[in-house]
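Next up is one chain by itself, shown in structure tokens, the form predicted on its own.
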């Protein structure tokens, strides 16, 4: 099926060339970072995780969110998700690849990544994070490719796929739970030291990931002959609505705990992010932008009449995605480091090389996603579906 990726129209190749140009610029920036070290980034002794790890954290959630279409379709026989499932699985593959690349570029010496394999430490959460991410990538590749191949041949998928699908459904929340444990297991960082951090991670994942999937499904429908299904998109919109509300509720619980109890280590991080602390307020504007986008998203999503308007649904999903990207892919990480345990404030902002490398990794992810979607759509266009999304043999 890979041959289907080399056939496309002018718009397809312009998009691919654009992504390749971003990757090329980012690669040059990475060579500069490799030669001069992580000192070219905005990170420091006090803020040792920055934009790279923030993107890793956010994208683990995007990868885990694929379960929100896989579970209803395979376990509850929700046929409306039949055409959407493969898009969710392939999105998870691209997201996990980006996660691994962000870990790679965050290491001063990239070969150090082999230490996790050559010198495993079972008492380290990072070891288990490597296991669950690698396993989830393998499961989605195997399941997605096998099911799509069977569909192309117009035969039923092999029986051994079903147990793997059930395993992947249980595996999905584990990858983001383990990622949350990376943060919550550091006792010196009070901002992350909360029992509901994993729950917050999952709520934001199941809002942001499906929001991106809705936008991608709309793009696929607009520029190809394949329609993922209007009812499927609307159902996914309901999932985004509920999970976004839960995410905001969890954030409210954190704010109450910090400020009602007056816990300095927890309270000062929120003060720095949303109001500034001791004259330092670099992140205040973007954190309030995240909050405003969240309010806009909820206002558009919570009313069914507005949500059924697909143009407004797209706006709501974009607002949801970027709100969570700011909050989780940037504010959460930096908020844990500022102020440090000695109440000293060292601010962080990404440098140009850091931003270019980050953009390149996203471009790699979208290139992988473009190729996978091109293959999936090409196969789907050769198959006729009924109104429930079930495959029908195409008439000769």
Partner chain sequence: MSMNRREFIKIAGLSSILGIGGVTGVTALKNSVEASQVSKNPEALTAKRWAMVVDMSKFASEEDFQPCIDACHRVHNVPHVTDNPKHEVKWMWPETYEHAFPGNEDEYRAEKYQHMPFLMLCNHCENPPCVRVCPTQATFKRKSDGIVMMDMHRCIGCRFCMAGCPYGARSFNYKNPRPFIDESKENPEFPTRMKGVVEKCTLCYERLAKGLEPACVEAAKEVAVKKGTTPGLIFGDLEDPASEVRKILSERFTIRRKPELGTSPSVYYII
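Positions refer to the first chain, counted from 1. All values derive from a computational prediction rather than experimental measurement.
Although not depicted, the form predicted together with the partner chain is the subject of the following passage.
Peer 1: Considering non-hydrogen atoms and a 4.5 Å limit, which listed residue (159, 76, 119, 153) is close to the partner chain in the predicted complex?
Peer 2: So the residue touching the partner chain in the predicted complex, by this definition, is 119.
Peer 1: By the heavy atom within 4.5 Å rule, which residue out of 371, 364, 356, 47 makes contact with the partner chain in the predicted complex?
Peer 2: Going through each option in turn, the one that passes is 47.
Peer 1: Please run the contact check for residue 112 against the partner chain in the predicted complex: heavy atoms, 4.5 angstroms, yes or no?
Peer 2: Heavy-atom contact with the partner chain at 4.5 Å: present for residue 112.
Peer 1: Tell me, yes or no, whether residue 80 is in contact with the partner chain in the predicted complex, where a contact means a heavy atom of each within 4.5 Å.
Peer 2: Taking the distances in the predicted complex, the answer for residue 80 is no, it never comes within 4.5 Å of the partner chain.
Peer 1: Taking the shortest heavy atom distance, is residue 124 within 4.5 Å of the partner chain in the predicted complex?
Peer 2: Within the cut-off, so yes.
Peer 1: Given that the partner chain is not shown alongside this chain, does residue 192 nevertheless sit within 4.5 Å of it in the predicted complex, heavy atom to heavy atom?
Peer 2: Judged by the heavy-atom cut-off of 4.5 Å, residue 192 is in contact with the partner chain in the predicted complex.
Peer 1: Pick the stretch from 242-250, 310-318, 100-108, 80-88 whose residues have a heavy atom within 4.5 Å of the partner chain in the predicted complex.
Peer 2: Looking at the partner contacts, the answer comes out as 100-108.
Peer 1: Though the partner is not shown here, which residues of 36-53 have a heavy atom within 4.5 Å of the partner chain in the predicted complex?
Peer 2: Result: 36, 37, 38, 39, 42, 43, 44, 45, 47, 48, 49.
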